[in-house]
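Form predicted on its own, single chain, as structure tokens, below.
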Amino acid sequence: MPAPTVKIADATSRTVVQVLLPLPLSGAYDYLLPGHLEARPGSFVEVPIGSRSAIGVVWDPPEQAEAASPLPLSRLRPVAAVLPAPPMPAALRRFIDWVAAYTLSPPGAVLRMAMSVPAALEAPRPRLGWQAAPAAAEGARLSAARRRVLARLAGGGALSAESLVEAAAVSPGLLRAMARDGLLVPVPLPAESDPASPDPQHPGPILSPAQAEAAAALRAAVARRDFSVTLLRGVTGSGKTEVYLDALAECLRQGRQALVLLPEIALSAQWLERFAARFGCPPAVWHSELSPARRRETWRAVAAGRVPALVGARSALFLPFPDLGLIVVDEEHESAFKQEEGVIYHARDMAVVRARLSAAACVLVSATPSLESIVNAEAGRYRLLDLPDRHGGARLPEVRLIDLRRDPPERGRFLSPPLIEAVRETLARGEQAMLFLNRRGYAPLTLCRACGHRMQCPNCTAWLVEHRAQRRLLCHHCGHAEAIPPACPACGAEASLTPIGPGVERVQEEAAALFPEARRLVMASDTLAGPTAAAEAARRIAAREVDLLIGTQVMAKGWHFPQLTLVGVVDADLGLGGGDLRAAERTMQLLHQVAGRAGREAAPGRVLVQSFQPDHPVMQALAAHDLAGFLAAEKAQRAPGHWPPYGRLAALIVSSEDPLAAARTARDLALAAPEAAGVTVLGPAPAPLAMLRGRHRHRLLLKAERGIAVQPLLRAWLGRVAIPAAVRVQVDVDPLSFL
């Protein structure tokens, strides 16, 4: 049902509209709509606020439609303009209200995430592109880059600057220089063109019987054009992507839009290739690496319904899809789907809500689903589809545990003799190997041999990480960077600073000494700067230009390298410490995923796991491929104490630049804590990261039984305490991190 139009008959009419602004405000403001303007709920409007103007959205009237503005009409200010942008869909407006209520965030702060491209709200500007000047290449001495540009424009065609930069792999500055030299001329381009339309009838791969059965179930869910949630679980290499792409094809046949969320933008490199092979063209993409022009064009195309399929990061949930028919959350267990700053939300859970409000099918995909999703499936809230075998006859890799107490590395080294021998054997057979360590940089700690001083971030309770390639010490929490000093800043001893522990750069250094003939590639978030770098890395690996991969969790999931037969985990115990509720679950998921990179085709795979705790339940379950047994033990531990997913958690993080103000406010909150059956409040206590970005931090944790709604308790709790202006209290409903 279309939203009602808000219109006044003449200039003397006094129609009040409510406008929500993308500011941290508690709700919509009342404005008068002048007689010459026409708007409806969802319209983007320019309004005055204070001494400036802002762009907001005409919001839905409250349920008490007769409720008058608390201000007299004479004090209401008029709407200045209605912007020429497609109105925000009703489903997205309801989603914004829902997220705000669930996370206890101001609605305007959530709206800001849905208005992340202000330029898209303006009328499209005339588009200019580049065309080769007549006889541009005749008699000219051209660089290879300039020849690539002219080759792309051969035949008299014209391309936008952005398309030309991407296609010819050059910089925008080169295009401007070629124009100054008379090689290129600017020409007008047609108005925004429709993105390429994926063809749902394009021939896809032949599915196995298990895949075909799962795909049929997903197609039926999409065809019903109603809300549903399906958990698609399958071992690594079982072909889950091809199954849900079949459901996406059904969504396209239905004429609706599809959204696929990926946790790491680096994962999009091979995924986009698979999508193009399946549908004949790539989908639209959405992530932080896009240029402003591409973001503007994509946002408008989505709003106009001209984007049939889009793949993106978690922020894509807030794009203005007018008719979503399918949302896929790939690697649904990934903690990268949790936004920890600003509006704190989990994209997996919010994807389920967005699907419900859009009458769409939601598919959660993982080889190692979160315990929350498994319990929802067991309770009948989600449908469960299983793919228990690898596709094409490939077998799961053999997993062997290396007890570092019995087979330690040489002094000052981090690879054990059995792992070194396995890498040598693999490389000798002409196969590829991977060394995995979930730690960036060269060393996680630098200390002075003379006095024991440790190099620490001045803004955070964290050690500085040495990045030897950059010759700098970096904080991975706030970004602080400093040069490695020649002498200890505490005692002045020269050349006394020593790196302690390994990062991937140090493993790469050791691998270079051990396997000098191997062609090596480091894959980490700071070496794969974006999708282009990830795509080039994937190309090099697939083309057999790389023998040995060394990297962090960015290469632990989603990648398919047919010749990769050995995975070596350098430090499997890394995530087990700290007493985190989900430490064992996260470690199991990560190690299972990285192990799944080995032996994905005909050649059998091996996984060698270095550990000081080989008897730990995580290590034993990994070696036995007993994920189900591990999860059963985890559930048995959490259920009696009503820990998630059998109960609810909400955290209050109190922070201030003034340590006393933070401590006092945390104490006041503790004194005002709710007291109710089935509810426990823990804390306050200094956070494990007691200082972050210069702010001192304390945490309180509310634990409730599953049937208790925590939001009313939190609102009442916060309402009983006056929070000083210098103190910030963040609310994290369903926390994943306890730092």
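The numbering used is simple: start at 1 and walk along the sequence shown. Bear in mind that the values here come from a model prediction, so they are computed numbers and not experimental data.
One more form of this protein exists, namely the form predicted together with a small molecule; it is left out here, but the text below deals with it.
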Could you spot which one of G239, P107, P369, P308 gets a heavy atom to within 4.5 Å of the small molecule in the predicted complex?
-> G239
Interface residue in the predicted complex among R664, H642, R274, R77, criterion: non-hydrogen atom within 4.5 angstroms of the small molecule = R274
Do R600 and the small molecule come within 4.5 Å of each other in the predicted complex, heavy atoms counted?
-> yes
Give a yes or no for V235: in the predicted complex, does one of its heavy atoms lie within 4.5 Å of a heavy atom belonging to the small molecule?
-> yes
Indicate whether T565 is a 4.5 Å heavy atom neighbour of the small molecule in the predicted complex.
-> no
Contact test in the predicted complex: A469 vs the small molecule, heavy atoms, 4.5 Å | no
Residues in which of 198-206, 294-302, 515-523, 378-386 have heavy atoms within 4.5 Å of the small molecule in the predicted complex?
-> 198-206
